[in-house]
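To begin, one chain is listed below as structure tokens, in the form predicted alone.
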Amino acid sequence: MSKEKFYESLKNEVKRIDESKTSKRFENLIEDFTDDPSPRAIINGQKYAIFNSNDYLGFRHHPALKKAEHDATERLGTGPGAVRFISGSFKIHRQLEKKLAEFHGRDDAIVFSSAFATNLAVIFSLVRGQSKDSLINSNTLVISDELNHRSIIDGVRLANLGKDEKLIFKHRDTDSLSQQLEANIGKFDRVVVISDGVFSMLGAYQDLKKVREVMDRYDSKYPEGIFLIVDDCHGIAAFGKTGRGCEEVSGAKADALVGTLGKGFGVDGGYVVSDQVVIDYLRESAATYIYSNSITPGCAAAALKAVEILDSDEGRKMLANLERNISLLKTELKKKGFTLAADSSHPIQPVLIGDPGTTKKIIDEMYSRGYLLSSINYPVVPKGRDEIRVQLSAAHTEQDIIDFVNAFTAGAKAVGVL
């Protein structure tokens, strides 16, 4: 059968990926968690300390979030029952959206099933419109940071732009952005600049104030101005004194800010906040909002509780503890002779290794010592920049970090790194 030739091609591609030591399908299956202050994952009956989670504040095990989710599920059921414009929208969804808008100082918000779905919809809708009858002018140039997340890349691809309608500016390089804006005056009516806030591979952030300064210089030179979309999924609820992410740290705002409930907030789902006219338009045009179920009522209730806690004294204490943990880890790793791939003040602390095979050996060594870690390899990072991405949580204790550094040092020595 001809289909067998296709299957053979798939088999060969999987083999190629396996041989490159970058396979991702062999996940560890977590059966349970311990009740430690920093809960351990239980896998095949064994306990593992977690240093590869996006749960930066430890919210997913917070008793108040569990109670909120349980109570909402008891009242409202396990799922939304339909997409929101039919019968799947609950009061708790709007309460969450209003709270997110308030938290970020915006008019309104929309919650999506995931941040990936949010980026796809927001980028496509604001670049192309949603139908042939749309009144949105599609003469738009998109300029995107070269290290943006895959969801942004796919969002731009989905817009089906011509090669001259999409450009890449050098990573966190506002001079590069300025040059491209200068070169395209008179060619487009509108420009959409898109960037991650915190870049998840290195924990580095985009200086939005510098981006804004460049945009402001050129805004009047385009008939419909320049619109900034920022995906700060790794920044929000993890970065900044009050957890407001890249905007707080850099001192400038996006026109549309995309966040997630599935990392620092410890729950699930994605969202966008913006001016009211933008949110109203997206409710009418964003396909992954209109035609896909939202998060469950229980999930929305837990997320609402997480935002409330973060925006309180308890939340600020969690963020302060996370900041102390970051400082301790960096100090201890440098003492042992490790090279950090970036000078990050974010809970993502990448340790530069440089070889995919070696990173895998270290991951395996750490697993045997009771630690869950992840490596980041080419093509996600450039060749020769393979890293171990250590991720911290406010729930980690000082002893957790000291024990981790000692185990990491022993594991690295075992494979000949130190």
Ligand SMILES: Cc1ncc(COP(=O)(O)O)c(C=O)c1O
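Numbers follow the displayed sequence, beginning with 1. Here the structure is a predicted model, which means the values were calculated and not measured.
What comes next is about the form predicted together with the ligand, which does not appear here.
- Note on the interface: of 144 to 152, 239 to 247, 159 to 167, 220 to 228, the segment with non-hydrogen atoms within 4.5 angstroms of the ligand in the predicted complex is 144 to 152.
- Although the partner is absent here, G269 lies within 4.5 Å of the ligand in the predicted complex, judged by heavy atoms.
- The ligand in the predicted complex is approached by F116, whose closest heavy atom lies within 4.5 angstroms of it.
- Proximity of K263 to the ligand in the predicted complex: non-hydrogen atoms within 4.5 Å are present.
- Within 4.5 Å of any heavy atom of the ligand in the predicted complex lies no heavy atom of H346.
- Only one of V193, C233, L322, L126 lies close to the ligand in the predicted complex, with a heavy atom inside 4.5 Å, and it is C233.
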